[in-house]
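Single chain ahead, by itself, as structure tokens, in the form predicted on its own.
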Amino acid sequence: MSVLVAIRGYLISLLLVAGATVICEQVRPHLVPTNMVMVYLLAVVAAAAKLGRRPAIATAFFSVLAFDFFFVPPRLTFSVAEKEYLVTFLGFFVVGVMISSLVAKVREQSLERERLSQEAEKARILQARENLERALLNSISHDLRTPLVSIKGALSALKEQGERLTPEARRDLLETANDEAERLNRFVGNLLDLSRLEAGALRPRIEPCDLQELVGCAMSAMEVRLGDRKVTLQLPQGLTLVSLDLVLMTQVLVNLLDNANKYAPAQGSIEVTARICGAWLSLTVADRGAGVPEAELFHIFEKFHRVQVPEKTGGTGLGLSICKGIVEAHGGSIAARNRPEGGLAVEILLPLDQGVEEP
């Protein structure tokens, strides 16, 4: 490969000399031969800048031969009638070599700086990737360990002090263990769903679904977690069937309701709104919480990204990224915005003309 590159460089050197010769031939009636040397020097500089030191020296050598053959009397021979041209040849060749060396050195330094810059960029990207992987591993370890510690603590207390505990205390410990087990189960489920989405193994089964049934399934799944939280529904009149995967879109709504439930104030309501926007179905879940800093709005759908909200229980950072994956698998889009009156609104757009899969 290097031999071919070298041959290519020398061939280009010959082309540069041929081009300089053509130019000199065009201006020959107007210039004395010694002035044409400058044209050949330009060819040498171009070769040094683009091809390197050796092709540039070859260009200087070929230039001397071409200049002698085509323009030094007697023309079209390598004979030299006037001996001072020998000095011109020597001076031209020496200057050509010096220019070649200097330009080639600058070129090599430039290439070296570019190489070092690329290596530094690769090292920076590798370091950033390692930091991200370490952060993800720490995050996953923390999310797995936290509920396990709570479950183990509750069960140990029941085992060691069960007979001495009051019925209320035993019930609280059992509820704590149950809640943490559900939390752990959701986290593992989210990890599995995310893996399936990234592997392309999760494909929506599109079929006509009742919009009210979709919302009802999500509300039913969230009934315990929502507790006394008020949820207002606004569904479009006359629209009953929408083509989508009921199971997957139920999970999307559950994740959005769960997210709103975490960040809404204690007495704040959650609003679920559906409407038709041309050929799209718009589903919005909005809360009355503190919203999200503007700089983070574009990142909240990234996996393991968590919005830091004081005095709130953080999520796993997977729910919204799973929503995004499922919605995009439906050919739709999802976006979040802060509401002018306060709170966060997450809107899903789904195409109404999706094809229904044959059973």
Partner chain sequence: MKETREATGQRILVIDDEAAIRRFLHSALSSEEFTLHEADSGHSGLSAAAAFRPDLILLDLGLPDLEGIEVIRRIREWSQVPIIVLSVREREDDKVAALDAGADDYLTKPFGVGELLARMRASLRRSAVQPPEPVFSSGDLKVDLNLRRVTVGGAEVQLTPNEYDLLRLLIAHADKVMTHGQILKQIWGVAYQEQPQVLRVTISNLRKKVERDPSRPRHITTEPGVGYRLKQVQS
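As the structure is a prediction and not an experimental result, all values here were calculated from the model. Residue numbers count along the first chain shown, from 1. The term rigid core refers to the most C-alpha atoms you can superpose between the two forms while keeping them within 1.5 Å.
This next part talks about the form predicted in complex with its partner chain, which is not shown.
Taking non-hydrogen atoms only, L174 never approaches its partner chain to within 4.5 angstroms in the predicted complex. Contact annotation: E213 falls within 4.5 Å of its partner chain in the predicted complex, judged by heavy atom distances. Looking at E207, you'd find a heavy atom of it within 4.5 angstroms of its partner chain in the predicted complex. Not displayed here, its partner chain is approached by V231 to within 4.5 Å at the level of heavy atoms in the predicted complex. When you look in the predicted complex, the only residue of L144, A157, L246, L197 with a non-hydrogen atom within 4.5 Å of its partner chain is L246. Residue-level contacts in the predicted complex: of L76, L241, L148, L102, one residue has a heavy atom within 4.5 Å of its partner chain, and it is L241. Per the 4.5 Å heavy atom criterion, its partner chain in the predicted complex is contacted by stretch 215-223, the sole one of 215-223, 278-286, 83-91, 260-268. The Cα position of L211 differs by 2 Å or more between the shown form and the other one after fitting on the rigid core.
Core-superposed comparison between the shown form and the other one: CA of T176 displaced by less than 2 Å.
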